[in-house]
Ligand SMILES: Nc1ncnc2c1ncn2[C@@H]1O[C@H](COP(=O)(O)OP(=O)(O)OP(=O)(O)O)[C@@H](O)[C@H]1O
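Single chain ahead, by itself, as structure tokens, in the form predicted on its own.
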Amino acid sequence: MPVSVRELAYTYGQGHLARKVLKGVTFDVADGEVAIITGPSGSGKTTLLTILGALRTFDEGTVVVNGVSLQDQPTAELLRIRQRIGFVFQRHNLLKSLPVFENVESGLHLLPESDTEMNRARAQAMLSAVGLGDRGNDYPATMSGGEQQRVAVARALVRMPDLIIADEPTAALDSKSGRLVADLTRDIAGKLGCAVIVATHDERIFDIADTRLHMEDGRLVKL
């Protein structure tokens, strides 16, 4: 089970300013499964994603990603865990000064097996997989928003992750581009056999989910 969460709790602030954002969150996501998390702004979705991505420590409960507990891990181990996670966000965060193939390659640079020749081949293969095989030498500024988000998906997937975490990946896209990004993520993640967790308000992509979860006031329920 790539992701297993039990009784997860998280509190912002201390003393009289403390506010519990996550309350007893429990769920699992299996290999090849897509889980969509919905909920209003401020319900705790992004906080949950940053914990699952080993970007934030937590107060109570257990979080296991690909068989490794995230609790009380040293910085070096958390970095190793992050290397096996692909991130896709609403803002694609591409480096405007680099051509597309180098943006995708950047997802490989910190991996232990990183190699210049291999990186270029993997980046090109992943660009082809998202339908941009002929755009590797172009720069992000010459691409549409949907194309740039597809590059971001390629960058997340090029490291062959165990887990993909996506935070509102289609929110800034039109219907056609959002559908393409969602379908690509579903299709390629299925072929890689990795778990996918998507936080979104976008009802247009709910159908890619194997599991629907809803967060309200820090609590998560299965729909």
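Just count from 1 along the sequence shown to find any residue number. Here the structure is a predicted model, which means the values were calculated and not measured.
Not on display, but discussed next: the form predicted in complex with this ligand.
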{"property": "Close approach of V21 to this ligand in the predicted complex, 4.5 Å, heavy atom", "result": "yes"}
{"property": "Partner contact for N66 in the predicted complex: this ligand, 4.5 angstroms, heavy atom", "result": "no"}
{"property": "This ligand contact at G44 in the predicted complex, heavy atom, 4.5 Å", "result": "yes"}
{"property": "Heavy atom of H201 within 4.5 Å of this ligand in the predicted complex", "result": "yes"}
{"property": "Options 36-44, 156-164, 23-31, 175-183; stretch whose heavy atom lies within 4.5 Å of this ligand in the predicted complex", "result": "36-44"}
{"property": "Contact set, 149-188 vs this ligand in the predicted complex - heavy atom within 4.5 angstroms", "result": "E168"}
